[in-house]
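Shown here is one chain on its own, the form predicted on its own, set out as structure tokens.
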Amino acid sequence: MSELLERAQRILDSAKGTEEIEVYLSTGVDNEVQAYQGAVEQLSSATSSGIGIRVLTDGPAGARVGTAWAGSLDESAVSDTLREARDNARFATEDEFVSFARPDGVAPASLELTDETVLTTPLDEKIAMAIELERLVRDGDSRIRQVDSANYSDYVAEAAIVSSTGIQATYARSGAYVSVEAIATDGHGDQTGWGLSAGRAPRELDIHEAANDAIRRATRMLGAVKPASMRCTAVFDPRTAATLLAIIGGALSGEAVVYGRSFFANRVGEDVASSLFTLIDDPTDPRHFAASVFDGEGLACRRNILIEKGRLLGFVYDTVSARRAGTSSTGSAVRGGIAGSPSAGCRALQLVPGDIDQAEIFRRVGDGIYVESVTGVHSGVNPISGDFSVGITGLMIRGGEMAEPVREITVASTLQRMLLDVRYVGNDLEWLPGSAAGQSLAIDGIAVSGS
């Protein structure tokens, strides 16, 4: 038993009478370096720890839950947090569906998601990576006039969850990233592009890949113009496709469904997407940077097929949303750290890859538009109605090849229509930080609003 789990168990022993207690402890180490013009501009190295406690008490019309948290594991902070959670429970609204998770017999996957070298790699080496990344971009092309945000960052995090219902879980994860934003100019205007490399440890990072990616994305957008309005096939870059999948994943939350906030509500068993579209939430896949052994309530994570060959099979649930829906948790509780309460959500989405690469997708599409970046997602996408209208930058596709760059465009459709109009799924799967991996995705019938 880990030290963090033992401490959580000792706190759990403070339960009184019929109350139920859930204890969530977390610790972490983070490093961040930002380089500018060959020197360190910002440097931070921090350790953190904290506790979140939920106390559940029964009332005549249902259970009441009080929540409290503290950014410290000092004994006094722990005692105060427990007392505040108990006090908050007294004023909480009773709810017949509120409950803490109970063990469901699903065995946790055996995953190794941490790498000790995140902690043992000297800070000097991490600083050198950020500085070299900035230099590679600055010197990589004469059209690069400035480098913004050349960053190195890493973390190691551990969490433990125990409850008086029998939950006892602990998990850890590490990660390391380099990212850089380049600004290119041709004397008539500027364009930006960013590059990224991610891994579980510093040795897995490729700063040359990140630098070249940023340079390529910035320089190929030089001279971008506003095209004529049209309706065409849009090929989404793996990173923009990942953004699209994350939006769709939000609508597949059981919590969104039971509260009527999803365009997928009441559609289980229907064909909601192209037969090429199989979407899985699989936190047990160690290749995904959001992989985890346990969910935010301490239940074992598991592989959930949400859409299979276009047919909607179901949603992801935590304990409370599952009770509201009359079903069982899918081990899909997520929580925003010690201050957050569990809710249902997709953690590690991936689309089953197709059998062709991006170049072949371009060739088959012939003429269309390549979507390299999107803006306005939060304001332009409605997960309830499915309306989709966002700004993009990218390049035209002509004769099966990338052509002139374009900007100041709005692309519009509905998520329902876009899913049905998926024409090609790429085999260029890219593992990215966040809740979704990405790959090239071609979608027909997209309205492009230009000049």
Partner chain sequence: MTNTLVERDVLQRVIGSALERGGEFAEIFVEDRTTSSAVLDQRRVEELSSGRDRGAGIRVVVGDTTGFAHTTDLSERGLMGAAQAAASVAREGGGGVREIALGPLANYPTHATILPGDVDKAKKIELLRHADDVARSEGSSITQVQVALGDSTRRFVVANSDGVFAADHQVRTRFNISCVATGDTGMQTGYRPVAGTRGFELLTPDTVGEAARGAARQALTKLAARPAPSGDLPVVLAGGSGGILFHEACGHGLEADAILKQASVYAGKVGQRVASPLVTLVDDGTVVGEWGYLAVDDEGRPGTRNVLIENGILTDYMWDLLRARKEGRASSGNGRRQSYQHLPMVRMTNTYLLEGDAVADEIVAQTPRGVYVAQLGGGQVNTATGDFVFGMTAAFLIENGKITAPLRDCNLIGNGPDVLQRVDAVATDFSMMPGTCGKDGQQVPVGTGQATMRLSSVTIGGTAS
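Positions refer to the first chain, counted from 1. Model, not experiment: these values are computed from the prediction.
There is another form of this protein, the form predicted together with the partner chain, and it is not shown here; the text below is about that form.
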Three-residue site 41, 91 and 382 fully in contact with the partner chain in the predicted bound form at 4.5 Å by heavy atom: yes
Position in contact with the partner chain when the complex is considered in the predicted bound form, options 29, 403, 420, 412, heavy atoms within 4.5 Å: 412
Proximity to the partner chain in the predicted bound form, single hit among 192, 212, 153, 327 (heavy atom within 4.5 Å): 192
4.5 angstroms heavy atom contact with the partner chain in the predicted bound form for residue 449: yes
In the predicted bound form, residue 267 touching the partner chain (heavy atom, 4.5 Å): no
Touches the partner chain in the predicted bound form: residue 203 (any heavy atom, 4.5 Å): no
4.5 Å heavy atom contact, residue 165 and the partner chain in the predicted bound form: no
Interface segment, criterion being heavy atoms within 4.5 Å of the partner chain in the predicted bound form, picked from 142-150, 234-242, 297-305, 351-359: 142-150
Residues within stretch 113-130 having a non-hydrogen atom within 4.5 Å of the partner chain in the predicted bound form: 124, 127
